[in-house]
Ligand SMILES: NC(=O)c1ccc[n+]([C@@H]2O[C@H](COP(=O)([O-])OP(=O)(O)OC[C@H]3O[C@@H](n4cnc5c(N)ncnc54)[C@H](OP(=O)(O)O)[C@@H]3O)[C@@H](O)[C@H]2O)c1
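Only one chain is given next, in structure tokens, and it is the form predicted on its own.
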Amino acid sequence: MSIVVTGATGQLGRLVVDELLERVPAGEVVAVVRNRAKAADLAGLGVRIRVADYTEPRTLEGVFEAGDRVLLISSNAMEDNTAQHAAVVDAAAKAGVALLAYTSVLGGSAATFRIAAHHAATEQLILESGLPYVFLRNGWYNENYSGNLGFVLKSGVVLGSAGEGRIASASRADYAAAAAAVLTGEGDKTVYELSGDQAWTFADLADEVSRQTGRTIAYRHLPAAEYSKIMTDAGVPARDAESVADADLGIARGELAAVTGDLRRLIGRPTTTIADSIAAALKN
């Protein structure tokens, strides 16, 4: 049996592999990557490397073996990625893996923003496959916001369309630790609603950046179409910009605000606060 992580050199995938290496021998970990060169350091640690691409189903043949515990990290394509995920699910089912864990979205099919629909479709594919599964329904990452501080500090504003909606976010490292716990058999559920211990608003975010930098930062709420245009004008692909603005509307409806406690219980510690992630980003 191996523990297999797809998208293993991505921002989340690499953190999951790092967590696994703290728990199991490197030889039990398989990293599935698109570019072998980017995984050279992992290979040097003894991690087994397999090359495959979600968009090329034939490359997934032989990637999985019977008895493997697999983490399917969702594609970073913000729009229709269901076909990509279907190729992985199909390969895992043909191999007869022991577990397929999937990084879904908080709320699952109850979430109504556009990005969530693709996660719900993938969950349905996994259910129909008959494979043993775990849905890791991740809330938003702190880094979605702490990673954008350059613009915030330059402009003096946090922009968004979330109104007074709250976000129960946590760090990528928190979600990675949860995935590693499940992959090593520490979990006891098939569906985890994973979110941070504290829910905050965009106004809170602006206030926290102000506090830590000594500058005056404000939150400016915008209609979704206007926010989307600002992002597009800044070079964000139009469909991605529309999806981000649409997700903000989901935040305004309260769809990413739930503090469930699942993440804290699974990782055995408090989740990382947005304030801590901002502090870390400001140091870099």
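All residue numbers are counted from 1 along the displayed sequence. For clarity, every value in this text was computed on a predicted model and none was experimentally measured.
There is also a form predicted in complex with this ligand; it is not shown, and the following applies to it.
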query: Position in contact with this ligand when the complex is considered in the predicted bound form, options Glu226, Glu61, Asp41, Asp53, heavy atoms within 4.5 Å; finding: Asp53
query: Listed residue (Gln84, Ser129, Ser171, Thr201) with a non-hydrogen atom within 4.5 angstroms of this ligand in the predicted bound form; finding: Gln84
query: Segment assignment from 179-187, 93-101, 209-217, 132-140: heavy atom within 4.5 Å of this ligand in the predicted bound form; finding: 132-140
query: Exercise: Thr9 in contact with this ligand in the predicted bound form, heavy atom 4.5 Å; finding: yes
query: Residue contact check: Arg34 to this ligand in the predicted bound form, 4.5 Å heavy atom; finding: yes
query: Any non-hydrogen atom of Asn148 within 4.5 angstroms of this ligand in the predicted bound form; finding: no
query: is_contact(Ser161, this ligand) in the predicted bound form, heavy atom dist at most 4.5 Å; finding: no
